[in-house]
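Form predicted on its own, single chain, as structure tokens, below.
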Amino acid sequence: MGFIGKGLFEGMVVTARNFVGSYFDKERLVTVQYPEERVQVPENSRTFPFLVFDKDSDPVASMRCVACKICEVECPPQCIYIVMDRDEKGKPQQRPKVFDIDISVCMQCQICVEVCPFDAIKMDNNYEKSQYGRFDELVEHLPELLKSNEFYNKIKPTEATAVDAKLKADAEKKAKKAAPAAKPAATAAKPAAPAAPKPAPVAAPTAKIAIPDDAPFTPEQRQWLSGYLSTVAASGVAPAAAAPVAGTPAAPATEAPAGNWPWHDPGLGMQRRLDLAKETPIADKLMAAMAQTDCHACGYDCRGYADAIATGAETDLSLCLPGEAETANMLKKLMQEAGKL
């Protein structure tokens, strides 16, 4: 049993004890004297995105972003705007010239981070973004967005360490894949022992198709897909770039040399790209329908994806994320017109 107002009295005693104790015990002083004092935010907190670069000596050249525009396409409030850079001859460069984020619209959802295949965009934990103006002042441009990998490791050490380990492992895998290619050249000078001539094979052996390490698959999925595509290629399905068999008509004279396709320009509209590939084989037309960013989000570059579709090794026509539904619909139309769908 208690007297009337006992709970109120006990509450006031606790309040008084903390009030007096705050003058002697700092643990009882719960108010943070902002801005002189700031609360240390947790590592997994997030506010607005920033772009990571690896070398302090040249931030622009070492930034991880390749201007594939996947984050721009996938951003729910559409607050990201990207323009790919070009050299003095107008050739596209795999880096952004313009990268803007309207932080007054950004909903801090982190989808841009999740869809980026290059670990180029990450979430900051800086919450002090207020400005006097409500319009241009709240749009962050490329110079303000660029922050070093050292800064990333400082604010999110656990996450950044895992990303660095992944990128290092990917780089080592690529180096190992490139190393065997140099071995035959080194041994080519050795005299070979005379051997009996062997009958020419019906088809040249097909090299194993490697899935890029930055493709959006697990290691097990990449291994399975690599084996599957290699099996399909070895089964007799000739790739689009294979040499013509004797007796078959040569490729059209309008076919562009490898790596110099006039439609391989993300700045051109789809209709313009298709016009440039009008008199070319189906694989070139399929390539012209893609976004031309070579972002590898589909598991290929634009040329590889087009060849895989043309040969039947790839049946999913919706993998070009930057091209969205426009590319998927055009790929379907081109395959139907070619009688392959």
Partner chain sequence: MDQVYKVAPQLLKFLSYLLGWLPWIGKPVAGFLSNPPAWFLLAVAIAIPILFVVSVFPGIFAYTTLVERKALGRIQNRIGPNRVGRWGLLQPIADGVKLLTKEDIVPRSADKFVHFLAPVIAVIPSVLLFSVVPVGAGLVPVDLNIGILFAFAISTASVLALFMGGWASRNKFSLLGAMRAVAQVVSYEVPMVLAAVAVVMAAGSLSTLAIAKAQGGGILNVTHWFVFRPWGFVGFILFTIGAMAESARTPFDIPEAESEIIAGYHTEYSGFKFALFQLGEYLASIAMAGITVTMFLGGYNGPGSGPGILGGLISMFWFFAKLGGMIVLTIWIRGTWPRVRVDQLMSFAWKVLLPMSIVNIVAVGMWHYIAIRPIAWVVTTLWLVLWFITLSKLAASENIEKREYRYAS
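Positions refer to the first chain, counted from 1. Here the structure is a predicted model, which means the values were calculated and not measured. Heads up, when I say rigid core I mean the largest set of C-alphas that superpose within 1.5 Å between the two forms.
Here the subject shifts to the form predicted together with its partner chain, a form of this protein not shown in this document.
Among residues of the shown chain, S57 is not one whose heavy atoms approach its partner chain to within 4.5 Å in the predicted complex. Although the partner is absent from this view, M12 contacts its partner chain in the predicted complex, with a non-hydrogen atom inside 4.5 angstroms.
Although the partner is absent here, L29 sits close enough that one of its heavy atoms falls within 4.5 Å of its partner chain in the predicted complex. Although the partner is absent here, S22 sits close enough that one of its heavy atoms falls within 4.5 Å of its partner chain in the predicted complex. Between 304-312, 277-285, 48-56, 35-43, the stretch whose residues reach within 4.5 angstroms of its partner chain in the predicted complex through a non-hydrogen atom is 35-43.
With the core held fixed, K26 shows a CA shift of 2 Å or greater between this form and the one not shown.
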